[in-house]
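The chain below stands alone and is given in structure tokens; this is the form predicted on its own.
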């Protein structure tokens, strides 16, 4: 049975959110481990322990990011084009930082030269820090409004720049993103390592959890008191054909909190973000690695849902001309495209989940110093 157009638009907003959550939960601990590499690993063997917890899985985990980008391209093509124009240099920065990851994993341990290995270690740290920071900054800019607009022929004008993206609020959002990925990485290392690496990861799990609580609270207070949001005051029916310039949008204080007033149950999202991070801090203190990782995952889900609920129905607000802001209702693909993609997603997303779980089941276990020294020529 085919869903109606309005329902499909909402379903694809949910599915894109699910893909971003999948990326944060899996590739999030890959990047988190990379960001923590020089902190949890004081010797070459200890750093190899950390690397070998994620190196066999990172490319499979990155599928979630590729899927999310592909879904945006297919479900919201206008948004995809506007985002690449407005965040072009930020995306280039992210892409180039990610280049260090595959070559770093493959080539780092090929030579025993300390300078060679240190160079690749710092490259892996860069690949772990830059993407979550830039992704968080991008989400911060969505809440601030992105400087783009369309002319009468739907040609895009973007007046943004790389340095303009680093607004203080956006930097706080970037810190939230970075710290929550580091928290996910630290709790994952608690699951997969022992001895010194485990102890340092345990300490970092507690510290990053506190950092998440503080920065997430700061971002929420700033959004409430200091950031103007957007409200749609007039628009065509939600099942109309896409036309993002055919509506009226007003900017006002506290608008990003409107959905929480209209739907009080949506407060579960930020509460989950805080409770999850607090749970990580508590579980890390008592050495409960599995529960710490579970609470970390809950925190990530809550924080991402908070960003989505706050923005809804906007997906890319415009500060240059608020009336040209892109929303779930007026930037989607055709009815037929969304239907075909939905059936494809219902088939392939569960397959990806099952395959990922199977890979982790087959390769699960503690990575120890003994393992690294016994497999010096085969381990990463």
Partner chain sequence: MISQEVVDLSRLQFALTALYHFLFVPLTLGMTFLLAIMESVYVMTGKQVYKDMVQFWGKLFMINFALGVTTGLTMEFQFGTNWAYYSHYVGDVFGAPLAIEGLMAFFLESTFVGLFVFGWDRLSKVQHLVVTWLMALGTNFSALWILIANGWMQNPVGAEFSYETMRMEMVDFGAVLFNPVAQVKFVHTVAAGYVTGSMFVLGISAWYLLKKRDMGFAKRSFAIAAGFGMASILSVILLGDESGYEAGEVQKMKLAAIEAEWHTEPPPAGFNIIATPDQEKGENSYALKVPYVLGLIATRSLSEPVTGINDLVAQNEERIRRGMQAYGLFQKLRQGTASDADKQAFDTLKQDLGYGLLLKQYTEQVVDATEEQIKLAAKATVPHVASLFWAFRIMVAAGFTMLIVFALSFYFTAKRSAWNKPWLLRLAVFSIPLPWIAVETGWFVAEFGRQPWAIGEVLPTFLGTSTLSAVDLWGSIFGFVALYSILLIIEMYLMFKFARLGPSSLHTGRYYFEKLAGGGHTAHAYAQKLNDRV
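Numbering follows the first chain given and starts at 1. Remember, predicted model here, so these are calculated numbers, not experimental data.
The form predicted in complex with the partner chain exists for this protein as well; it is not shown, and the discussion that follows is about that form.
*asked:* Quick check on residue 216: any heavy atom within 4.5 Å of the partner chain in the model of the complex?
replied: Residue 216 lies outside the contact set for the partner chain.
*With the partner left out of view, is residue 319 within 4.5 angstroms of the partner chain in the model of the complex by any non-hydrogen atom?*
Residue 319: no contact with the partner chain in the model of the complex.
*At the 4.5 Å heavy atom threshold, is residue 253 in contact with the partner chain in the model of the complex?*
So residue 253 does not count as contacting the partner chain.
*Answer with yes or no whether residue 293 is in contact with the partner chain in the model of the complex, where contact means some heavy atom within 4.5 Å.*
No, residue 293 sits far enough from the partner chain in the model of the complex that none of its heavy atoms falls within 4.5 Å.
_Can you pick out, from 345, 40, 311, 328, the residue that has a heavy atom within 4.5 Å of the partner chain in the model of the complex?_
That would be 345.
*Considering the partner chain in the model of the complex, which of 49, 33, 315, 332 comes within 4.5 Å of it through any heavy atom?*
Partner contact (heavy atom, 4.5 Å) among the options: 332.
*asked:* Within 4.5 angstroms, counting heavy atoms, which one of the listed stretches 236-244, 279-287, 256-264, 208-216 is next to the partner chain in the model of the complex?
replied: Looking at the other structure, the answer is 236-244.
*Which residues from 54-90 come close to the partner chain in the model of the complex, meaning a heavy atom within 4.5 Å?*
Those in contact are 55, 56, 58, 59, 60, 62, 63, 64, 66, 67, 69, 70, 71, 73, 74, 77, 78, 80, 81, 84, 85, 88, 89.
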